[in-house]
Each structure stands twice: as structure tokens, then as C-alpha cells.
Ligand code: GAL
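First, one chain by itself in C-alpha cells, the form predicted alone.
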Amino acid sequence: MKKKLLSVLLAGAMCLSMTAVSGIEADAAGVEVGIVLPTKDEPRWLQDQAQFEAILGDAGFTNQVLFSQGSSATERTNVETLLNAGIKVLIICAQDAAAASAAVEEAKDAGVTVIAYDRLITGTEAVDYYVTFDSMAVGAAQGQYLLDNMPEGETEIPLYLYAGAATDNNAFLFFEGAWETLQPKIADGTLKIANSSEAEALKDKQVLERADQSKIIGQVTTDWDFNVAKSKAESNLTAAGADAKGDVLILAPNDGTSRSIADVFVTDPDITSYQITGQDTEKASVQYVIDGKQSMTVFKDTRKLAADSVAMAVAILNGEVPETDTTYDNGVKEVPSKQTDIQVVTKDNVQEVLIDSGYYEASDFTGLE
């Protein structure tokens, strides 16, 4: 028995217009989609799980979501479990961009179509498609926010750089987008890098090679870990002189690390003010934004990303070519990709972007005007 049109289901579930899947019907018989996500320990991935289960379930597709819990070995076991369940499409957000290649090659050998989700899997031909937010644009938005909100008329404004995990290709893209935006003001002396000798050595180079990025990220990585971010921020401030304090700018890679870093900076009596970035619009960080403890967060609407992934999976299952709009180089091939838009959220537009759109409830927060 044919199920409802998937586009109708997506519109009903998310109040979004998903033209990419308009007119596609889903036959649930014998169809399974497997999803592998990095961890249950971050709110972002639990939100993604809920979106996948709701959209695929309402569309009539059997599906299963498994978590790798920070382990590439568990990730591969999860893929094997899903292969044994008979999946036709694998949607996987890699724990480690390079290490995941073995798992997806196993899936590809089994005749499964592989969609890399949110994080590109590198060094393999076995990735068929990639669905992502525009990671360069995320970093550029973070960098531009800092430029737009830096103290006026000052020079050598301290800039603290932090990045995600060196095993995550997205961390490089986020940093690249931010660096290329910030670098002209670093080079002309408006900004002064406070916590990376490698970045300081490269301050005159706007377009960094991968090896250059690796040197910097090696110094400023948070490993996407709250505790690592907190410890690194504490060490940075302990080592910083008076000229690296006062009014400062902080490039934090995501919301979890942003909160940890902000909590450190706010306790230093020599920090007069700070602007700090984030991404993922986690509830805790939205509250921080409302309270003025985090300056911004980049909204990556996981409803849209999950829906784009489902649309791609449906096209594949129906024997069609999925819609893509760009490619990403994974070191071996140009992977056909679909990008999802982003949006900057500040205290001024929390209501409009997150509440009025139905992403969160106003009751989730205090202090909303």
C-alpha cells in the first residue's frame, strides 16, 4: 500500500516547503534506512535523531538510528548491524572523517548507497552523496559577527581562536571560513592573535593550505569537548598578559565549547568585555544568548538538513538521481552534495527565528521579551 506523498508529510511535520521531495511516493515494503550519529551526549545529535525518526517514520520507511559514542570501532559495528538489518541507504555522520572510510566501504561493497551527513568522509570512493550545511559559510558568519561587533577605533584587539576536532573535516571548513573573514583585520593590526603562535606566524596569509590549518588547529583544538575547551581557555588566560585582556573577541567553534569558554572568560577580572561565537542553537546556548553570556549562535535548522537527507534517500530508493547543488573534495573524489542554509541568531532575533518558526517553544527559555 502506497503511503502519503513525502512532501506532504514533511510539510506537516516541520511547516517547511520541501520541494525537493514533491511528488515522490514511498512504498514501505522492504525499505529500510540506517542512520549512524556520533554521540548521544550532545543535544544536537538527539535533535537530529528525533527529526529522522519522525520524518522517516511518518513517511512509512522503516529506519534505525544508532550512536557511535565517540568510537570509530563502535561506528563500524553500527554500520555492520544496519547492513545485517537489510538497509538500502546508509546516512552516516562520521565520528572520524578518515577512519569512517572502512565502514562505508563495507556498506558500499554490500550494495548500499552511502550518504555522508553533516561531516564529509574523506579518503574513499565509497561516499555517494553528502548533505551538509555550508560549513565555510558557518565560519564566515562567525568571523563576520566578531568584525561587526569589535570595539570601535581600537587596534590590537585580542582575538582568541578555538577550533573543533582535528579528526572532523568540518572543523577545518569552519575555521577556514572564519580565518579568511578575519585575516585582513589580523594582517593590518586591528586584531592581535592572543593564543596561537602558529596563527600569528601565518597572519599575512589569507588562504591557508591544509597543512597550515593543521598547525593552528593543533594548538587551538577543543576536540568538540566541553572540558577540553574549559581547560584550554583557563591555560590561555593564565598565560595571557594585560595586553591580551580587556575587550576581547573569541572565536568558539560551537555552542558547547562556547559556553565552557565563556564561563572561564567571565570570571577573569581583567576581561572587560567579550564577544563570543557559537553554532547549533542548543537550548542551553540560546539561554546564554538571551542572558548576554554568549553573543551569537549559528542556526543550522536540523529539520531542513534531515529533510534534505530523507529527500535524497527517497530519490535513491525510487531509482532516481538525487538533487545536488555543489560538490566537496574528499581527497579522492568530488562528492555530489546538497547544502542547507544557515542563519545567525542573536538576542535580537531569537523570538523570530527560533520561537515563531516552531523550532523551540517560548516556555523553553526565560527572559524573552
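For every residue, the number given is its place in the sequence shown, counted from 1. Everything numeric here is computed off the predicted structure, so don't read it as measured data.
Just so it is clear, the following notes concern the form predicted together with the ligand, a form of the same protein that is not shown.
Here the chain stands by itself, but in the predicted complex one stretch of 139-147, 103-111, 180-188, 163-171, 163-171, has heavy atoms within 4.5 Å of the ligand. When the ligand is considered in the predicted complex, only one residue from 259, 119, 76, 232 comes within 4.5 Å through any heavy atom, namely 119.
When you look in the predicted complex, the only residue of 42, 32, 323, 53 with a non-hydrogen atom within 4.5 Å of the ligand is 42.
Heavy atoms of every residue among 224, 254 and 280 are located within 4.5 Å of the ligand in the predicted complex. Mapping the unseen interface onto this chain, residue 338 falls outside it, with no heavy atom inside 4.5 Å of the ligand in the predicted complex. Although the partner is absent here, residue 303 is not a contact residue: none of its heavy atoms lies within 4.5 angstroms of the ligand in the predicted complex.
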